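A lone chain, given as structure tokens: the form predicted alone.
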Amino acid sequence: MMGGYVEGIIAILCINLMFAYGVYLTAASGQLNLGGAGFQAIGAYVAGVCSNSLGFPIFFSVLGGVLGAGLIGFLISFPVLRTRGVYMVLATFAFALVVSGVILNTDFLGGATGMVVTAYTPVEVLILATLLTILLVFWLMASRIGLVMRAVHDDDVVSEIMGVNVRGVQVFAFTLGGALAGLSGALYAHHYSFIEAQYFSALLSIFVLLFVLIGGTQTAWGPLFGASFFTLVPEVLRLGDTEWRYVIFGILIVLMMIFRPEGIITRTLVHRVIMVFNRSGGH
């Protein structure tokens, strides 16, 4: 049996990992998504409504949250993907603000007071969902679709010249990314049994994008490292009970950005590690 503290850390780590992989998919196809909190909120509130008002079992409530966030991701991908660079960042950021504003002004969703979600999901379900999410993304990035996504990320113009449907790839990544963010939100709602619009803030979108960018967008290992680092290191520093923990954590982030601007986990690093293991195995 896990202690309450350890269980709480594992739960938030699982949610952060699923969330990070949702944002990673858009980044892996060359798009920066600063609206992750909006998709997570949609997943959480759709799951809450399905559970509370419609009486769905937890599985179908979570599935509703995933499909709802994925559908919204598909619909807004067309106007959002017409923008590029900083304008796309602003467009996705505005989307998250719109979602938050709609929730705050909708009494049916609890408004500013939040919504209680009666059905409870244990941490073991979060662990299973996280493992399946990680396996899905690793399989996807190792497939032909992943190869095309990396090509679009590296140079969308050349990819289009070579016959790649760049817009189709980006819409797919945006839709699936929204669905995974919705999954994290739906499971958050069912595990913590309470959701409020203030939690799904712009700061949350910024944090999860940092998970991905600092971890690295070149391989599926990046979000795994980034989300784990941002979730676990602050807890380790907090256990040290030092007044300098925020300074130490900030310095670590700055150093990583200076020395590894492309992200901690890169394709080159992964290839080197594989070569080392192959050589050691051969001996």
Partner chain sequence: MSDPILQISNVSKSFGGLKVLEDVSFNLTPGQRFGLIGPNGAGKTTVFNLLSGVYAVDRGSVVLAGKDITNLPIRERIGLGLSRSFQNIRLMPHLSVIENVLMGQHCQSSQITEMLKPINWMKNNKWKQRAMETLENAGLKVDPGSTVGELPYGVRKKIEVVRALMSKPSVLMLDEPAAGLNARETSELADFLHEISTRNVTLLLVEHDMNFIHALCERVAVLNFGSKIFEGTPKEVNRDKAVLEAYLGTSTLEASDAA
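Positions refer to the first chain, counted from 1. Keep in mind that this is a model prediction, so the values were computed, not measured.
The same protein has a further form, the form predicted together with the partner chain, not shown here; the description that follows concerns it.
Contact annotation: of the candidates 176, 72, 213, 141, the single residue with a non-hydrogen atom within 4.5 angstroms of the partner chain in the predicted complex is 141. Only one of the listed residues (113, 193, 201, 165) places a non-hydrogen atom within 4.5 angstroms of the partner chain in the predicted complex, and that residue is 165. Only one of 148-156, 80-88, 114-122, 98-106 lies within 4.5 Å of the partner chain in the predicted complex by heavy atoms, and it is 148-156. Proximity of residue 260 to the partner chain in the predicted complex: non-hydrogen atoms within 4.5 Å are absent; the residue sits far from the partner.
Although the partner is absent here, residue 52 lies well away from the partner chain in the predicted complex, with no heavy atom inside 4.5 Å. Within this chain, residue 218 lines the site of the partner chain in the predicted complex, having a heavy atom no more than 4.5 Å away. Residues are counted as partner-facing when one of their heavy atoms sits within 4.5 Å of the partner chain in the predicted complex; in 260-279 these are 262, 267, 268, 271, 272, 275, in sequence order.
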